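Single chain ahead, by itself, as structure tokens, in the form predicted alone.
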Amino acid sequence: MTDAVGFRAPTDWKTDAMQKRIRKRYRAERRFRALGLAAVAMSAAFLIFLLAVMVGNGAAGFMRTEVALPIDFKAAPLDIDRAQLATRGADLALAGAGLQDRVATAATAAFGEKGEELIAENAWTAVRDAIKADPNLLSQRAHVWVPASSDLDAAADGGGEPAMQAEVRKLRERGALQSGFNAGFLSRADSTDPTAVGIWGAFKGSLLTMLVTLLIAFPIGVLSAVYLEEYAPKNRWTDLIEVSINNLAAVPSIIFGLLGLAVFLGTFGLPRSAPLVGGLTLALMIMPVIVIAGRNAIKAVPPSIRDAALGIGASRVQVVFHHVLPLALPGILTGTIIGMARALGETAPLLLIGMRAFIVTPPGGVFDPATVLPVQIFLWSDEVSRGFIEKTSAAIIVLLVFLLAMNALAIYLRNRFETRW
């Protein structure tokens, strides 16, 4: 309210009307704060629930149950020349001598008619490795620890059928059952037997694929951002390029899989299922993210930095690479982290280029057939055997650890550049 001269009268905050408005404003602020805290608490609760479920289900995937199998090679020797055990053909020689049947017979003799159901399908490979380590086993009676079947392993963990739980009690009374950390899960590749599967093949495939993705997407994305922000003229063509890049960042990932299938496999004839093709496809997918993040980081550098460098005689290239890029690098690395994290968890584009093959040997290079962790998790989750459920959760834990390690490295590099400037 103003008087005749035009001066506004001071507000009387003590009136009932003003006090009512203040209380209403404070109530609105408290509600907003309560909603914010509830949202944070709900997000934290979902995260804790997710981690608890994954760790609870996946912990058993890192464990292995073994059975002490008595085998008497002295009573029924294998028809094999011991000299062959020192050659590369030892595995084939033992398999050809009927070792697998001998192990199944020994299980039936030791544990009854259903004894073969208590040991894993690949239990004979444990006996094979024991013989290769000590050929003297072929002339004596020995107890070899072999992997238990999936049903017996589940019963040892407290689940499974009552019949298997009874077998677990019998074996424990005889001292013929033990459980421990399954180191082979971290060193083997895929298998049809859940007790013999490993994550190393998929982990190495992911590592090679991410390496190819980073080596291609990061330099091209950063140089594209530098050109568009520092050198490109402002006209309709650059505007069209900017709009296209923004649209590509929102394109579904499966479209990039179709692009990789048509270009890298159909046109250039690159090897199918190779980390090279997977890395090229994922590089196309995350490159727009790196370009957008790079442009925003470069744009955030104060113009005074450029003016000061130009004022003391620096060239345009020196200004960009000696002053602008180092200051923008933390923001660029942030965009790269986001892009690489998205690429690490992608499955659809890699399925289209064939990286869902059954790979029993870890890849030796970027041209060898391989699969990746997300695809391996997808394949195991589709298996019928209960043993693969635990392995799926364990593989998810490995994937999360891989993601956290990759992000931690990128954050360390970002903070290091931030402290330099």
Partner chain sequence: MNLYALLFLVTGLGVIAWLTGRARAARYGAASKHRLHSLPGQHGLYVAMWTVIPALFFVIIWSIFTPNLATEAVLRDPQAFALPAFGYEREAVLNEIRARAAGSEYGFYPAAEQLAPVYLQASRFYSWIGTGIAILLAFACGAFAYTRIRADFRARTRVERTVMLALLVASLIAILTTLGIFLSLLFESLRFFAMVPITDFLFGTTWSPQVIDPADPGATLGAVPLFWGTFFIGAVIAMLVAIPFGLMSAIYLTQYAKPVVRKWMKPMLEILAGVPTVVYGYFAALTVGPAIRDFAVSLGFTYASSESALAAGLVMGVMIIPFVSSMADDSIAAVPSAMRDGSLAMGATSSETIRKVLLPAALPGVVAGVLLAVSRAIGETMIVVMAASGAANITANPFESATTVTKQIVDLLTGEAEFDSPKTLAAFALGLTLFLITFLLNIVALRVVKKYREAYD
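Definition used throughout: the rigid core is the maximal C-alpha set that superposes within 1.5 Å between two forms. Positions refer to the first chain, counted from 1. The structure displayed is predicted, hence computed values, not measured ones.
Beyond what is shown, the protein has a form predicted in complex with the partner chain; the following relates to that form.
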Taking the partner chain in the predicted complex, would Arg306, Ala308 and Thr334 all count as contacting it (heavy atom within 4.5 Å)? no
Asn136, Asn235, Thr87, Asn247 - the one with a heavy atom within 4.5 Å of the partner chain in the predicted complex: Asn247
State the residue from Gln100, Ser191, Thr108, Gln318 whose non-hydrogen atoms include one within 4.5 Å of the partner chain in the predicted complex. Gln318
Of 217 to 225, 191 to 199, 78 to 86, 177 to 185, which is the one stretch near the partner chain in the predicted complex, taking non-hydrogen atoms within 4.5 angstroms as near? 217 to 225
Please tell me whether any heavy atom belonging to Phe378 falls inside 4.5 Å of a heavy atom of the partner chain, as the geometry stands in the predicted complex. yes
So in the predicted complex, does any heavy atom of Leu404 sit within 4.5 Å of the partner chain? yes
Counting only non-hydrogen atoms and a 4.5 angstroms cut-off, does Ala262 reach the partner chain in the predicted complex? yes
Verify the contact flag for Thr347: yes if a non-hydrogen atom of it lies within 4.5 Å of a non-hydrogen atom of the partner chain in the predicted complex, no if not. yes
Under the 4.5 Å heavy atom criterion, name the residues of 249 to 286 that approach the partner chain in the predicted complex, in sequence order. Ala250, Val251, Pro252, Ile254, Ile255, Phe256, Leu258, Leu259, Leu261, Ala262, Val263, Leu284
Relative to the superposed rigid core, does the CA atom of Gly36 travel 2 Å or more between this form and the one not shown? yes
Tyr26: CA shift of at least 2 Å between this form and the one not shown after core fit? yes
When you overlay the rigid core, is the Cα of Leu223 off by 2 Å or more between this form and the one not shown? no
